[in-house]
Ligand SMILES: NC(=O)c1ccc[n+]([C@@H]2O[C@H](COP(=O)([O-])OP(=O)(O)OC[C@H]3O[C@@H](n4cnc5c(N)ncnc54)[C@H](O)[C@@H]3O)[C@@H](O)[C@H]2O)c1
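Taking the form predicted alone, here's one chain by itself in structure tokens.
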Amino acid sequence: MSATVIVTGAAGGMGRPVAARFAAQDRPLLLCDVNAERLEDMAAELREGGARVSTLAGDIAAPEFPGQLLDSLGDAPLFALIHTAGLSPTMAEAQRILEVNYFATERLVAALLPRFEEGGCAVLVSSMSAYLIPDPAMIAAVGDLVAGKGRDGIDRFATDPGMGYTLSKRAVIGLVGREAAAFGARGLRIVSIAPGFIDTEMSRAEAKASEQMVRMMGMTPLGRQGTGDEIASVAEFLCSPGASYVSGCDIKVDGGILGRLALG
């Protein structure tokens, strides 16, 4: 029996092409999204093409969500988790962003770790913004959070949605590094992808709200935004045998902007 791929944020600009790529591999899919209507529309499209698709609509930050996800998975072996769900700065306040982007991610990874088949992979989505933190004290606060030393430091610095987002994505990278040993002990891998400026509905909303973001987009060495499928293609590679020695790290898919800023 072919093992299942879980995709969160499956109805979004990155999740949809991820689901399409793994459907093309004839993998059973368990697709998750907070928007039930969009999720079912997408699932119906994939089923028309012959894909085996189950769905779970819900808020990934809800305490009961990991249990619901395990119930939906049932006894099926798990091949991969591609976790694209998250909130950007225009979508919520700082504390809600931290809860969805980091704490819910931490709970999801912990719940699913025992369910992967050997050789499986978890791919989380971080962000290029994780590399834009200017204050060493902020970076130290993220380190303390990931190390289980409490959240007081990160709460002190998450004073607005933009900083909440940046800190949450830095913490995702830290989570990947922290969990690499536990995954490796089971013959598994965990990796994150840091997208740059990707042409999605979420990114377009952020660009409307931030002149600085628009200016930085114009500095991207490749001279354009990326596409959701360019993120999906990297996720697909990271779950393949070709990436069998890649774990515990963050992969920048940013068109070269962090390198240009000397932050790569």
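Heads up: residue numbers just count along the shown sequence, starting at 1. No experiment lies behind these values; they were computed from the predicted model shown.
Same protein, other form: the form predicted together with this ligand, not shown, and the subject of what follows.
Looking at 156-164, 118-126, 71-79, 178-186, the stretch with residues near this ligand in the predicted complex, meaning non-hydrogen atoms within 4.5 angstroms, turns out to be 118-126. Contact with this ligand in the predicted complex, defined as a heavy atom within 4.5 Å, is made by all three of Gly13, Val34 and Ile198.
Proximity to this ligand in the predicted complex, taken as a non-hydrogen atom within 4.5 angstroms, holds for one residue of Leu108, Ala85, Ala171, Val191, which is Ala85. Site annotation in the predicted complex: the residue of Val234, Ala51, Met216, Met202 reaching within 4.5 Å of this ligand with a heavy atom is Met202. Contact annotation: Met91 falls within 4.5 Å of this ligand in the predicted complex, judged by heavy atom distances. In the predicted complex, at least one heavy atom of Val100 sits within 4.5 Å of this ligand.
Within this chain, Arg96 lines the site of this ligand in the predicted complex, having a heavy atom no more than 4.5 Å away. Interface membership of Leu29, defined by any non-hydrogen atom within 4.5 Å of this ligand in the predicted complex, is ruled out.
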